[in-house]
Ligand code: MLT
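Taking the form predicted alone, here's one chain by itself in structure tokens.
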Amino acid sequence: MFIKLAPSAAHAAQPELAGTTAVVFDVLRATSTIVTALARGYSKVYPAVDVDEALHIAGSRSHVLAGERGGLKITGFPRGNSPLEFVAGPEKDGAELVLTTSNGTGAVRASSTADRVLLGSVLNARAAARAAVAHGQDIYLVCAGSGGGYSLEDALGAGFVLAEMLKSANLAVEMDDRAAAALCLARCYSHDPLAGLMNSAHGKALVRLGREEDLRWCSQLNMFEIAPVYNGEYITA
């Protein structure tokens, strides 16, 4: 099994995704928010690339509409991209969520040429790792990044998932240098994931916006035992 890491969605080569299991990371905050929402009772999450698409999807059904740009809730949207907005679960059973974010939802959509697309975060690292290796395919760790560039927190999330994969005694793994670097990063922050998130540029930006509690939530290693799957239209647990 070969594991490759893309430092941002823009670096994920579409031909190389084919035949692999992709695991997408936007630790601060889209994949953490989606994992939280599904774990707390939402039945589906529709990842929208832009505001117009999100409004179109939500308008055709009675969905919960959420999104952010630049870390801030989109004007007119009932909810933003904080996982804490979804901790209490939906107001009615089986509620569906439409989410659009600056980087994460686009990264999920961009990974759709892979055979399987999973969502990873610090919150579900162990579950995502187990689901990723289950079919024995090569694995592509796709970090959403920030504005097309590298983000420390996404590489850290990928590293935690990779560390969980390596706990399987029967798993023979090779990896590229980017994946190896992410693994080293996870080992560095293994006893304090929050410090890793706080040291990231985006983490610092969220703290300035008053969202430090989001970082604290997103840093909880293996809080949830779900591995959300994107089927090309929506995400389920």
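These figures come from a predicted structure and were not determined experimentally. Numbers follow the displayed sequence, beginning with 1.
The next section is about a form of this same protein that is not shown, the form predicted in complex with the ligand.
In short, of 94-102, 112-120, 127-135, 159-167 it is 94-102 that has heavy atoms within 4.5 Å of the ligand in the predicted bound form. Annotation: in the predicted bound form, residues V23, R178 and A182 none come within 4.5 Å of the ligand through any heavy atom. When contacts are judged by a 4.5 Å heavy atom cut-off, V45 does not count as touching the ligand in the predicted bound form. Contact annotation: A37 falls outside 4.5 Å of the ligand in the predicted bound form, judged by heavy atom distances. Proximity of A186 to the ligand in the predicted bound form: non-hydrogen atoms within 4.5 Å are absent; the residue sits far from the partner. The closest heavy atom approach of L197 to the ligand in the predicted bound form falls outside 4.5 Å. Heavy atoms closer than or equal to 4.5 Å to the ligand in the predicted bound form belong, across 180-211, to the residues H202, L206, ordered by sequence position.
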